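Take a look at this one chain, the form predicted on its own, written out in structure tokens.
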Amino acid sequence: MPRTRHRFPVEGPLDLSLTFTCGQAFRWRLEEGAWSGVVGGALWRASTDARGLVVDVDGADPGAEVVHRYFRLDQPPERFLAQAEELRALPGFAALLGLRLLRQEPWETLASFLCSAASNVRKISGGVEGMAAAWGDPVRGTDRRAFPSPSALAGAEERDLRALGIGFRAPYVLGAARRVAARDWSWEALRRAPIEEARTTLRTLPGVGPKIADCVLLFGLDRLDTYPVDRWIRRATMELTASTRARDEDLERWSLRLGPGRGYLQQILFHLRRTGGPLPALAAARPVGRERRRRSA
């Protein structure tokens, strides 16, 4: 199958290295000067030059529009600062605006983040690649494989998943595959549902708690109205608000002030805090959660 090349002009910054290594996707790797990753049933090779983004596709070509949307080229990063311009003053924040929030396939996103519990990017990537190698369809003309469908993975044995290094997460991945493979599961319904209803539905799946549910909504279902809270975002948000005690729901409630692009800003704050250390409090910061309620009592 011949290779298809797509070329796009880019509005705003684009940093492919940051985009692929910030913890949102797990099947991209740097090879011979280009980033190589399996998306759907094809191998994509992404690079940049003076004219913008270049994506070469080996395998079934999804079309230019799909590639354009995957990299969120329709939404320049700086537009997400419309209600959160104060974040730009954080040390190192502006340099991270080249991070693009990828529009990923929801089932692969779910399975990947189920593998993320108490793990790191290297182990998560190993587990995801292992599942693809064992149960995924081959990508023509390459040595890579597509991520397996829920029905393909539903027939696996738990011991086989554990052998890939997934460990205690194996029954969650297997249980989720069997549940999603059922006819009554609809990703499109979750895209349209009120956010709390979508979260509740996702949390009926094995191993899915608040953080994984929000990651699936953000990275797999294009729900920028989420603000996944993990240990890094908890630290970042409490530092930004000069708080010492707060519940995750208090931190998420605070995030509403960041506007409709808070999901994108969450990913930048996550990467900034994880790689750069503590953040300074924002100007006129007010503690969130229990401290604020105690003071107003």
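The structure presented is a predicted model; accordingly, all values stated were derived computationally and were not measured. In case it trips you up, residue 1 is the first one in the sequence shown, and so on.
The protein also exists as the form predicted in complex with the DNA; that form is not presented, and the subsequent description refers to it.
Novice: F8, P62 and Y70: each with a heavy atom within 4.5 Å of the DNA in the predicted bound form?
Specialist: The answer is no; none of F8, P62 and Y70 reaches the DNA.
Novice: Report the stretch among 185-193, 91-99, 198-206, 104-112 that approaches the DNA in the predicted bound form to within 4.5 Å, counting heavy atoms only.
Specialist: Residues of 198-206 come within 4.5 Å of the partner.
Novice: Report the residue, out of S149, S119, Q83, S125, that has at least one non-hydrogen atom within 4.5 angstroms of the DNA in the predicted bound form.
Specialist: Exactly one residue meets the criterion: S119.
Novice: Name the residue from R145, R178, R223, K211 that puts a heavy atom within 4.5 Å of the DNA in the predicted bound form.
Specialist: It is K211.
Novice: Decide whether W35 counts as a contact residue for the DNA in the predicted bound form under a heavy atom distance cut-off of 4.5 Å.
Specialist: Looking in the predicted bound form, residue contacts with the DNA do not include W35, since no heavy atom lies within 4.5 Å.
Novice: According to a 4.5 angstroms non-hydrogen atom cut-off, is Y172 in contact with the DNA in the predicted bound form?
Specialist: Y172 belongs to the contact set for the DNA.
Novice: With the partner left out of view, is R45 within 4.5 angstroms of the DNA in the predicted bound form by any non-hydrogen atom?
Specialist: No.
Novice: Using a 4.5 Å heavy atom cut-off, state whether R231 contacts the DNA in the predicted bound form.
Specialist: Heavy-atom contact with the DNA at 4.5 Å: present for R231.
Novice: What are the residues of 156-180, in order along the chain, with a heavy atom within 4.5 Å of the DNA in the predicted bound form?
Specialist: Going through 156-180 in order - heavy atoms within 4.5 Å of the DNA in the predicted bound form - the hits are R162, G165, I166, G167, F168, R169, Y172.
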